[in-house]
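Below you'll find only one chain, the form predicted alone, shown as C-alpha cells.
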C-alpha cells in the first residue's frame, strides 16, 4: 500500500499555512502528524487519539524530532476542544474503523471544532473502482470487520460528511491499492463568524 504517497497527498491537499491550527483526528503513532508539521512548521499542530499505547509511541517520535506538536488522549465522544478552534482537520484511515453512528458523531465533532471556512481532509477506503479492487477490499473487511467497513465499501462516507454539516464535499484524489480503493475527501465548513463568536 502506497502509505507515504497518499499521506503526502493528503497533507498537500490540506494546504496548511503558517499561523493556522490543525487537528490530526485519530493521530495514532504520529506519522501523519509529523508530516503536517514538516510541511508547515509555522502552524500549530494537535493530535488526538483514543489509544494511549499508540500515543506513547507518538510521544517518543515527537521527542526524537524535537516537535512542538501537542497530543491528547480522548475517550470516544465529544472532542476536548472548544467550538471553532481549528482551521483544518485531517484524518487518515480512521473512519473505516467506526460504526455508522460513530462516523456521524465524529464528523459532527470535527465540524464543531472547525472555524468558518475551515476544511476537513480525510483519507480512507471508499467504493472500489474495479472488481479486482473490490476483491482486495474484502481482505480489509475481514481484518477490520464488516460492520464498520461496509458503509465505506458502498461509498457512503462523502454523504456522511455532508450530513455532518459540511459543504462542497469532493473527492480530491484516488489511490488504487492491493487492499482496495483509497479516496481523499475534502469538506468545507460554511458557518458565519458571528455563530462562532456566540459559541465562544
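Numbering follows the first chain given and starts at 1. These numbers come from a predicted model, not from an experiment.
Although not depicted, the form predicted in complex with a small molecule is the subject of the following passage.
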With the partner omitted here, the residue among 44, 159, 51, 171 that in the model of the complex has a heavy atom within 4.5 Å of the small molecule is 51
Pick the stretch from 160-168, 146-154, 132-140, 25-33 whose residues have a heavy atom within 4.5 Å of the small molecule in the model of the complex. 25-33
Quick one: does residue 84 come within 4.5 Å of the small molecule in the model of the complex, counting heavy atoms only? no
Give a yes/no on whether residue 92 approaches the small molecule to within 4.5 Å in the model of the complex, heavy atoms considered. yes
Please tell me whether any heavy atom belonging to residue 98 falls inside 4.5 Å of a heavy atom of the small molecule, as the geometry stands in the model of the complex. yes
Is there a heavy atom of residue 80 lying 4.5 Å or less from a heavy atom of the small molecule in the model of the complex? no
